[in-house]
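Just the one chain here, laid out as structure tokens, in the form predicted alone.
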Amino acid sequence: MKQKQTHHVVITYSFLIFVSLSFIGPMIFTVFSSFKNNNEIFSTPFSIPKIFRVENFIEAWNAANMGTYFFNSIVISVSTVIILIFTASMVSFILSRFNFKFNKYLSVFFLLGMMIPMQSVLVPISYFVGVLNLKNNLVALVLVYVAFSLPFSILVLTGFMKGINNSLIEAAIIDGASFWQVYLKLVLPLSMPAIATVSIFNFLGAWNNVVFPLLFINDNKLKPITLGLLNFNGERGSEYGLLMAAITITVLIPLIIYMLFQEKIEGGLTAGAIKE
């Protein structure tokens, strides 16, 4: 029995190590290559750089106009998160706390949104972008992100809000609080773990998305960093050291955010599933 458990542990850890290496390996390769020139990348692809060429980052930042793209991505991602949290939390508050006739149908309606693949709506969205003259319109791009992120956000927030003790809300109402005050001053602060989870997920989703910016944006001054990286690959794709430096700059913010808030992401996702 003990030998069987040992084998099970060895197989489990071997599998976890293999999966970890398959994710971490490409990231380490990219970071190391960002400090090398082409000769060093091809001669010793997996070694630590002999000379750390910081100038690769400076040249990639200046040549690819990364500053503008970086700023655009931050504006788009932060705006998406703010609008999304405001709308999703209000919908979730109503679905979790009010027992009205169409509550279940409304919940199913939002859940169905998660089952629609993004690729299946690209043609209609492209059509409306042209008809409504929404090209190079960042507000329209943000609203599309919000629309696609709303079902998942409502699912997480509704599950979490259902777990909030009902006696707290009843006590606030007895003390004279309106439903708006209950939402704003009680439910919203108590839902911060789930809000943090939803915010981080959707920030990363908006930051990394490249498909919708391709449909909406062709003005260089409005492009996000993902399109900037795409342009850079087309213009200087043979200079692999610079390309890897540009990729490292692009993934730096999402990586830092995930490392800082990974506990909140996991905690927020599981908290709504626990009923007290």
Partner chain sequence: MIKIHKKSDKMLILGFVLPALLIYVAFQIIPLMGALVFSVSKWNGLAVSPVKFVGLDNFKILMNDKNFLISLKNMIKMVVFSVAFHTPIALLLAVAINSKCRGHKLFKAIFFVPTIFPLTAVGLMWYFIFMPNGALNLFLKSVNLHQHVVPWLINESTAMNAIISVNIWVGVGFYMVILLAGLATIPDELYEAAQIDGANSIKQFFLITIPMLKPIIGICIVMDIIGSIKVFDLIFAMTEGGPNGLTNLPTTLLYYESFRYDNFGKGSAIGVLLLLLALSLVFLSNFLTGEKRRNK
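Positions refer to the first chain, counted from 1. Computed from a prediction, not measured in an experiment: that's the story for all the values here.
Another form exists, predicted in complex with its partner chain; not displayed. Remarks below refer to it.
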Taking 22, 207 and 250 as a possible spot, do all three reach its partner chain in the predicted bound form with a heavy atom inside 4.5 Å? yes
Answer for residue 217 alone: is it within 4.5 Å of its partner chain in the predicted bound form, judged on heavy atom distances? no
Although its partner chain is absent from this view, report whether residue 71 comes within 4.5 Å of it in the predicted bound form, heavy atoms only. no
Is there any non-hydrogen atom of residue 16 lying within 4.5 Å of its partner chain in the predicted bound form? yes
With the partner left out of view, is residue 61 within 4.5 angstroms of its partner chain in the predicted bound form by any non-hydrogen atom? no
Which of these residues, 172, 94, 196, 164, gets a heavy atom within 4.5 Å of its partner chain in the predicted bound form? 94
Within 90 to 110, the residues having any heavy atom within 4.5 Å of its partner chain in the predicted bound form are 90, 91, 93, 94, 95, 96, 97, 98, 99, 100, 103, 106, 109, 110
